[in-house]
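Alright, two takes on the same chain below, each alone as structure tokens: structure 1 and structure 2.
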Structure 1
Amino acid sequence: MPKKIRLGILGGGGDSLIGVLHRVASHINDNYQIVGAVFNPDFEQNMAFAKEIDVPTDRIYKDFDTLIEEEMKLPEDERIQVCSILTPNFLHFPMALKLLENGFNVICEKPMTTTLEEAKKLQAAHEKAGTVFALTHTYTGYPMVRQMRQMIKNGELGRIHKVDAVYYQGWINEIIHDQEKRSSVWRLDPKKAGISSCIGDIGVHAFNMVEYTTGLKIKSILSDFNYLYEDNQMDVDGTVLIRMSDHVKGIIRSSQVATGEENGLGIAIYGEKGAFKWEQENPNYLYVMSDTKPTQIYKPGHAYNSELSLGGTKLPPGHPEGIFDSMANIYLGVAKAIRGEQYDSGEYPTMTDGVRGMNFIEATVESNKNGNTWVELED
């Protein structure tokens, strides 16, 4: 008999959007119960938020170290089983590391770390710990994304020869075009935000989507960034040429200055026998194309979908599930893994995805700095 998994939350208090996303997602399949948290570095706000969402306050801790310390004192069957890390980016690495070293399972927001070096250290710690580590590339939870992965695995597109992924947003326009704002916002300050804005924040989602759906590994990249203004130090737009194996090429396009775009993640995959087109803002429509047959529109919940896809749908066709459900599907996969149940490798992104993502980000920065030359990714 399943019993709810004891979940700890780090960050995500107050109006945090990522907080809402994880909290709702964790509830959706009745698998998790929040038992402990550090929602906020300010203890008063931390407690107030716990009360607001009606989480018992006895295991609301003043900081992360206290959480670890106190939880470790509890008997194993009361202790937090998995912690979701929703804090600012630079805290992901130290928190995840300490959690793994103390035997906790971890659900970590993206980016996993701020450098590839940290990522590898975390990977080593994870191998040692042997617990579950999940990176929330949320968009891989959509049923039609999973359907693409499964159909490609089944060979339904034949050999893939071209991939075109995009992640366009326009929200940074109001900042970047204002000299005062662009020089003061933390997002565009490399000391605070890391080495990349556009690729680090969204381009890497497109990168992960390519590898998740196709099952192919990107071997080398050539990138071209746009900073838009001389006095701006962070990429707000980046195009990346990609190569998988010989003669299998593609593009990753990302932008934060694509005026009017909201959250425009999408992918097109072209193979010998067929092709896919999918867009995050209409996640329940998967276009399956062919040179000789009419384009087909696959939708979730139909018997013609794969098990991997159907496992991510709760209601009959025509009842639109959305991004909370996508994240919930990742939480569901993690629950299975924590409980030792069988699950498909496509059910949640792992440490490997995190390491590859950091590799990708660093490589694009290097390529752009070198004048747009090819840079190899590690194997």
Structure 2
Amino acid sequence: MPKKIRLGILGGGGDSLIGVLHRVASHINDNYQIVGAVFNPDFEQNMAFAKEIDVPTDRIYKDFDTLIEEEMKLPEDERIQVCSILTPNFLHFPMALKLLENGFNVICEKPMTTTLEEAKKLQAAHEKAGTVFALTHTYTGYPMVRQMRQMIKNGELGRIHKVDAVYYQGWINEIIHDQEKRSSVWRLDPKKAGISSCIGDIGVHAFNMVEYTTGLKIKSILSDFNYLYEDNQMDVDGTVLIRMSDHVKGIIRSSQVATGEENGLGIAIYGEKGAFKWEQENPNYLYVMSDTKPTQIYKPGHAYNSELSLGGTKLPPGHPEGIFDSMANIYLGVAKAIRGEQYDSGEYPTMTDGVRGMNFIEATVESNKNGNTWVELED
């Protein structure tokens, strides 16, 4: 059994949803051990949180720069091998860049950066570093999403006609309708969140889901945003028409003000031979539809699933697996890459997905700003 990979954590302290998701995911397959961190910018809170979750405090640092400086003094076989970046969006780029420049592997929350220009700079640094970089589009870790990808790759839908991806949430309702709250939350602050809230936070997940499952690249988009209030600078709802070719088109619908919705990510893919439907809130069911046969339901863990799907299943059929397991599958793929083991290209999203995501986000903002016009994405 190989030694556990030495993991560093940046952000994600306290009651952070992303923090607990990453920590639990890193432990599920017994591949990682947290050895150093900056959980919180307040050092006292940082230390207190480390003690609360039983992480040794000798490598809990006062800030990110100190973590880099002190870790680089350690022998290579003791140093942090990979750092997970779980901070607000505006810190992703500077942290990832410095980590890459110092030879660290990186696991980064999305969006990867706040601009496409930053994303390209990070891509160049990654190519120079030659280390592993993973972007946590968490939902690509679900076994049934991976099953869709493989079945489409095998031609089971035939030529794809139409794609309909949706990601609806309602959580921002309690903030957006209060002027004081919407002026103070970081997700609605362009300086901290970047140029987009709804598309940048959840719409980009739907975009990634389309390209991950179909294997097709979105070539152009037309978007229409809703800001709800004149003093709000960030989109909280967006509808995006997408073109993958002259005869393959679709739509991405995303909203943070869809009242009553929780985490409604879903995708439907329609082809000449059949169709797939999948929903994140019921992730263990993949609906396989046809014009000539009854609808089938594929479930995880069965021998009829692909190797890629089965590789992300830890329990026998009938035992539900969820979001922690999905993220754990991404961490598992990264562990294989760090150790130089063989892995499938679908096991974790890469730097390329991060650049594509930022290209999509900027294109949607441009399209909406220009009066809902078609905008080409870069190849």
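We call the rigid core the largest set of C-alpha positions that still match within 1.5 Å between the two forms. Just so we're on the same page, residue numbers count up from 1 along structure 1's sequence. From a predicted model like this one, the values you see are computed outputs, not experimental measurements.
- Here, the chain labelled structure 1 is taken from the form predicted in complex with another copy of the chain.
- After superposition on the rigid core, the Cα of residue 230 moves by 2 Å or more between structures 1 and 2.
- Core-superposed comparison between structures 1 and 2: CA of residue 178 displaced by 2 Å or more.
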